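Just one chain is shown here, as structure tokens, and it is the form predicted on its own.
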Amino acid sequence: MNVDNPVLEIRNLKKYFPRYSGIFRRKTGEVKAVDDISFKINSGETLGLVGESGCGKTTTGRTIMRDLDPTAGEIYFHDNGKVIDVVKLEGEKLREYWKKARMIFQDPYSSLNPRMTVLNIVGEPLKCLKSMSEKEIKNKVRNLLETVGLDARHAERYPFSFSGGQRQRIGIARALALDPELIVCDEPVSALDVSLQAQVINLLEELQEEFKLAYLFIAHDLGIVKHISDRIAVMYVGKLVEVTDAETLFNFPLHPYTEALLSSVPRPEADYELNAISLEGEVPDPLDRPPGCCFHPRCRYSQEICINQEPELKNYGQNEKNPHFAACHFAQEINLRNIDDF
């Protein structure tokens, strides 16, 4: 990992979805799916983005890929010394960006076209975004399949003949086809069983080492994110509430929501009994978030200031080289439990 060599920089990114109602379809509000978040990913680094379902993780990834247009904010991609303003890209320049930034999808079943062979699925980006002959595409696809641990002879098969783990490897091969620098991994192992999850995680780590890839690894399970991430960003109802390196997050959490997530991480010990913190209430509706800290209705440490004033995402790290950002009024006062305390 190159600490001071960013591939991607996100600044104050927002993605709001308007809500309409009534006969005349008047705008009655906005779903703030992603609300003013900032982070960066360095070359060869994995940033894990975690949080409950509906917190805005996937929307963040899709907005970075320009599958969705941001409501506000900046997305900068660093390419061989050039800084590209992704928000302003259109047409051919946007297609050039898609060569450098690719995506692996959550569901290995629905993300592959059942009517296309593996050769066509993996080779499609090469046909659309690169000028290559049919022979060159076929050779490239066969090499990619071997790279992700599949037999090159399977190129002529259809997705139905593969298991879930094999299908996800096909999706990874497709993401690698254009030699990207950044891959957005949208819960790439959540649909797989535990043994296959470990295999895919190991494969992603090997590919990262070989091709110097940067990952945005989106997941809801901190246990999975721990094994692949250099840094972790915790997201709650569209906002980042904690960002730091993986070791610090697991050993010295500063936000009560992170503490609750840590308590739900399963342990390998045979006699271990899960002692998860029970959060009262439901995740707030992003259309109508509570005032102040959006976590305060479920937080056992909540006080009056939490209800009335939204906390800033501040750096509580010991030095600038090891920043530890948290959005909590009492980040330095409450004594939260770490992973070993559960």
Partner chain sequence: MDQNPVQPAEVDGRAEEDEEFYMASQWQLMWWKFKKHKIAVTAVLILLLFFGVAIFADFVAPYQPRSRHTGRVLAPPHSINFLSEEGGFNLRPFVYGFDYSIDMQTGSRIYEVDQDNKIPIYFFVRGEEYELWGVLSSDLHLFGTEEGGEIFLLGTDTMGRDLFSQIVFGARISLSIALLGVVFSGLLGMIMGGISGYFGGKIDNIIQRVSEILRSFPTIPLWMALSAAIPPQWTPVQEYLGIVLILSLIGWTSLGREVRGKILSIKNEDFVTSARLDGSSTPRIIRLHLLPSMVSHIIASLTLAIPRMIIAETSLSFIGVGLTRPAISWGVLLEQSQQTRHLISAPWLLTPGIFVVIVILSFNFMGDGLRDAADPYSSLTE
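None of the values given here were measured: they were computed from a predicted structure. Residue numbers count along the first chain shown, from 1.
The same protein also exists as the form predicted in complex with its partner chain; that form is not shown, yet it is the one meant from here on.
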> Is there a heavy atom of R289 lying 4.5 Å or less from a heavy atom of its partner chain in the predicted bound form?
Replying inline: no
> Is Y76 close to its partner chain in the predicted bound form, meaning a heavy atom pair under 4.5 Å apart or at it?
Replying inline: no
> Should L313 be classed as touching its partner chain in the predicted bound form when contacts are defined as heavy atoms within 4.5 Å?
Replying inline: no
> Contact between S110 and its partner chain in the predicted bound form at 4.5 Å, heavy atoms?
Replying inline: yes
>> Give me the residue from E156, E90, E210, E136 that has a heavy atom within 4.5 Å of its partner chain in the predicted bound form.
In response: E156
>> its partner chain is absent from this chain, but in the predicted bound form, do M235, K239 and H329 each have a non-hydrogen atom within 4.5 Å of it?
In response: no
